[in-house]
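Here we start with a single chain on its own, the form predicted on its own, put down as structure tokens.
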Amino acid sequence: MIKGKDLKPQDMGKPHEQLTKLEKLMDLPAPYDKPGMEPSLTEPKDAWKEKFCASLDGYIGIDTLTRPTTKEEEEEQVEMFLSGLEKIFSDETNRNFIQPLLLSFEYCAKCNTCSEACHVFQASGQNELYRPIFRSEVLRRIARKHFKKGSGIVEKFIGADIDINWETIARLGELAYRCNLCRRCAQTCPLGLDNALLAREIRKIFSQEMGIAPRPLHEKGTVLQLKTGSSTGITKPALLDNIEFIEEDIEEKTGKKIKIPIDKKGADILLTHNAGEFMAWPENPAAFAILFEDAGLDWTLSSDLLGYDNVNYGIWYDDSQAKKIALQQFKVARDLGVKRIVLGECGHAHKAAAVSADRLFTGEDYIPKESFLPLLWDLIKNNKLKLDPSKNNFPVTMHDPCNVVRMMGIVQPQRDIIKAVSPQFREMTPHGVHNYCCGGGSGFAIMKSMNFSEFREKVSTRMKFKQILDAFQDTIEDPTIPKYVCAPCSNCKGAIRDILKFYKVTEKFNVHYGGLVELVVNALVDIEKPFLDFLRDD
């Protein structure tokens, strides 16, 4: 095993049972700076090592990447990878991404500015394996070895000195799932290069060419969504039952009798949610319904296949799956005849619908897509909602979903909203477009097979946990004061939920999490009892 600080890209093909391991992680602030405050790292089980690729860092992110049982199978997988490699560098088969891919591939100056910006690299204690350019450099060396065949000193001279074998390929596949694709590295790169794009292209090779992708993203993600309508597996009858429950819950909590509009033809707004909200956090679609009804908006939900779940996991690993989902989601809106699609609290759905799929429909088929954030700020600014911020008089901080701030540049509306309803709001450091990923991005929040959750809780979400602790340093050790982490994104909310649970932060220090709309509803003047559960006596 090689120490993290000594690891080199050429080592990826070398015959170690495990290439490297996590050692000294980034320090956390008080009260988690004391011994025994966080669970220790564990070792992978022998059975996992025998079946999967645990030879990178001991963690298994791709639960469908199993070790070949024959030499022929091993060679076949390597050949499939190399075939996929050729396709991502072809204008004919990767036209949408070839230009930024080649720029990032050819022009890296190795200044390591990206490493300073990467939360995974910093949280790992600066282990070389997680440096953004480490992964890119492995891909470069494999490509140079494959495309510019030479031998001996020539290979070393042209940067092709890496062994291409199953272990190299499999470790690279795993390494593509140690990056959240948050693109903070691309934002800071002085040349504008995008190492996250290279990570995603590696994921594409594995999925589109080799048929290998994490089950939570593919089999239980896009495939299930195309079959049932939602990656949660929730069907139309179950959705309708759930909405009935939400209506009853709204009346019980607020006294408001609301009939949520479903499949309303010609409505101004089709509101789309991450269906995970209906299952895990029904208070979020409830809060949207309360605010939209109070403001008198002409809106509807859809119960059609793919109309009630705005997620699109394909954008994380497979262009083909992403396109299939986007086409059906847009068809739902077109069939309803709505004037615009408003995206609820789901960051990657913002990117998938408003950026990645923006040009799938043009002309008369085009339907405008927009974030709920400017709309909600307009409602507050124009006094459509009567608010009493003193109802939220406790410390509140806000996480910025990467796809909303960095990808779409929506930074100010959420700040204006939260300042209007939370007198003790304090920013994370850094914040806005410079904020760090929650650590659950690009699928990590739902990838829980074997020991991958440990990598997420100990490494990829560690910087976010540090930011949360820093934001509440003045009150963190006083459990009588409730504290709220606002995460206006379903995926980020899931990651933050898991952080708080893993480190027992709610139990010990009274720290809670939730969305933005719930905080706004809690401040409504005409609601007597708190909407936020942690403030309720019952």
Partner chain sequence: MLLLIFIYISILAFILTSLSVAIRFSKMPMHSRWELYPVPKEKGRSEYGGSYYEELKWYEKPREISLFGELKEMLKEMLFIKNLFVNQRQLWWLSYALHLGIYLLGLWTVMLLVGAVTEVAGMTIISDEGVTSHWWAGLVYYVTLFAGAMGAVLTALGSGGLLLRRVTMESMKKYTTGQDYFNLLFIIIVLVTGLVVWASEPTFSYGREIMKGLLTFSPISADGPLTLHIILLGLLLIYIPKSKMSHYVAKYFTFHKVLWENEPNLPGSEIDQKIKEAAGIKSGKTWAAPHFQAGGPVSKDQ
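Positions refer to the first chain, counted from 1. Bear in mind the structure is a predicted one, so any value in this text is a computation, not a measurement.
The following text describes the form predicted in complex with its partner chain, which does not appear among the structures shown.
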| property | result |
| --- | --- |
| Listed residue that, although its partner chain is not shown, lies within 4.5 Å of it in the predicted bound form (heavy atoms), from 305, 239, 405, 446 | 405 |
| The unique member of 87, 334, 256, 146 whose heavy atoms fall within 4.5 Å of its partner chain in the predicted bound form | 87 |
| Its partner chain contact at residue 515 in the predicted bound form, heavy atom, 4.5 Å | no |
| Close approach of residue 366 to its partner chain in the predicted bound form, 4.5 Å, heavy atom | yes |
| Its partner chain contact at residue 193 in the predicted bound form, heavy atom, 4.5 Å | yes |
| 4.5 Å heavy atom contact, residue 374 to its partner chain in the predicted bound form | yes |
| Contact segment among 202 to 210, 464 to 472, 244 to 252, 257 to 265, judged by heavy atoms lying within 4.5 Å of its partner chain in the predicted bound form | 202 to 210 |
| Within 37 to 70, the residues that have a heavy atom no more than 4.5 Å from its partner chain in the predicted bound form | 64, 66 |
